Ligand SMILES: N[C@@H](CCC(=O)N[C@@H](CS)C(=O)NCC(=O)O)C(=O)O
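In C-alpha cells, the next block holds one chain alone, the form predicted alone.
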C-alpha cells in the first residue's frame, strides 16, 4: 500500500489526495507538517530533505514535489486520459502544471497567507492588493485558454487540471474582488462535479 505524508489543508497535499481518489488507489495518510510536526525529524528528512509535505512512498520509490507525484500516480495507476499518451496533449498539460508552479504560486502564496493565515493587524495590505491584481490577470489567461475546450489539455479531464484546479478553487473562495470569467467558471463547475475534487479540495480555507 502507498503511504502519503502530509496534512489535508496543504494545497500541495490536496493535489495528491485528489489524484489518489481519481485513480482509486488505496493508501495510508500519515499526518505531517505544521501542527503535526514530523517533517524536521531525521527519519523524514532522509526521505525528503526539503522538510516539506507531501512525500509519497510506493514500494521502494520515495517521491516529493507535488506535481511530480501527480504525474507519477496518473502514469502508474491512471489511464490514457489522466496521463495522455498523445505526446502533444501531454506536453500541453504539463505546460499548465509547470506554469502553475512558476507563475501562479508566487502570486497566490502572499494572497492566501495574507488573508487566511495572517491576523488582520499583521497583514501587508499592499502586498495582498498587488497579488490580487496579478491573480485576476492570470485567471484571465486561463479563461482565454479554455475558450473552446472543456479542460486545460483539451476535451478530457487530465493531470493538467489538478494543480491549477486547487489554486483556482482557493482564489475563488478568497474575500477579494474578481472579474467574471465565463470559461473559467464553467471549468470550475465541471471540476466540482467530480467527487474527488469535492472531498479533497472544496474545503474551508484555513
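All of these numbers come straight from a predicted model, not from anything done at the bench. Residue numbers count along the first chain shown, from 1.
One more form of this protein should be noted, the form predicted in complex with the ligand, which is absent from this view; the next part is about it.
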For the chain seen here without its partner, which of 173 to 181, 53 to 61, 155 to 163, 139 to 147 has a heavy atom within 4.5 Å of the ligand in the model of the complex?
-> 53 to 61
As a check of understanding, the residue in 11, 192, 23, 186 with any heavy atom within 4.5 Å of the ligand in the model of the complex should be identified as 11
All three of 34, 39 and 66 touching the ligand in the model of the complex at 4.5 Å, heavy atom to heavy atom?
-> yes
Heavy atom of residue 200 within 4.5 Å of the ligand in the model of the complex | no
